[in-house]
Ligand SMILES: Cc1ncc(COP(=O)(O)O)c(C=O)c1O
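So this first bit is one chain, no partners, the form predicted on its own, shown in structure tokens.
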């Protein structure tokens, strides 16, 4: 059994000076306490107790090239002598914007910020200003940041969520302004007919529809055939904006994100995480006529650290690597991810543990269920979460780090030998879960 004495001691110390001992509530989920890490390299993290973890959390997705990728670190190191923040423009920022507009579907203009939460706030403000409407449609299980206007119905319980065909908006945090719920309409995902019925009734009030193109935060659930394009078409018929939250799928589902992979184009898109390979960077891209209102109508967006030198340098270097040899890194990640998904399910079958691996090869989730693959949040919530959490704890003790939902992010650093080692550890972890 692994020892975590160093993490336990540091956590107790940090609680004296930091609220809750952490800088994000999400980090409470580690066991036995929020773990403290000393360093990371490639596909591995080393904690302060010297335990080595094959890391499939990857900072919740950003480290697509692994931890401390040398080319990116060098580019950032080389940029340090140029300064950090100017409260003005610089060449790296302009170069990155031009490159992204030539790469991403529907990206006619781009505006940078530092986090996915900020980008979602910006996109919603743009949508309301452009359309002159108030209401935003979001979906159960989709996460768009932790602000009052977005942290709604992310993981509602059955009792408070209301009927499946007309969910009740649920504030997920104490302190949420009650009025935040008034302009949010919640629906179940992967139900185009239900959305069509909503637009028929309230379309004149809807400014935009925001969604993850793959419901990563609610179970790495793929959209059903025709759903994403159907939503795009529906929004355009009714004068609303389709806002695609590619914070996770952008640069992870492929160089052109989920939109390029699945063949649809949103009016506004949000990117973050993998775009700078672990450095803080987010952005909103979209149609020129929509994005221009940041200037022409004075729609406010600001931020001291937007476009900072180091994040721009990191993103340019990361794109060099991701685009190299026609995006060969993606083919390698896809092949290894497909193998990992397939063999985790096979191991589960051998142990009598009904493992379902669902999602994309570069980001998937393992469920424990005998039901068909979930299509929305409520079906995902009905799977065996207790044993899934037990599996995540057993994996950690065997040297494999996933989050408590058993989400798996792959990086370019997860080579074949690392996948072999992961599967051997998963074999031992599943045996422990079955043995109780």
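Small disclaimer: the values here were computed from a predicted structure and weren't measured. Positions refer to the first chain, counted from 1.
Just so you know, the form predicted in complex with the named molecule exists too; it's not on screen, but the next bit is about it.
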Query raised in the report: What is the one choice in 116, 307, 257, 208 with a heavy atom within 4.5 Å of the named molecule in the predicted bound form?
Result: 116
Query raised in the report: So which of 217, 149, 79, 265 gets a non-hydrogen atom within 4.5 Å of the named molecule in the predicted bound form?
Result: 217
Report task. With heavy atoms only and a cut-off of 4.5 Å, decide whether residue 199 touches the named molecule in the predicted bound form. Result -> no
Requested in this report: Answer yes if any heavy atom of residue 138 is within 4.5 Å of a heavy atom of the named molecule in the predicted bound form; otherwise answer no.
Outcome: no
**Report entry** Non-hydrogen atom contact residue 273 with the named molecule in the predicted bound form at 4.5 angstroms
**Finding:** yes
Report task. Flag residue 248 as yes or no: does it have a non-hydrogen atom within 4.5 angstroms of any non-hydrogen atom of the named molecule in the predicted bound form? Result -> yes
Query raised in the report: Which one, 140-148, 224-232, 124-132, 333-341, holds residues whose non-hydrogen atoms are within 4.5 Å of the named molecule in the predicted bound form?
Result: 140-148
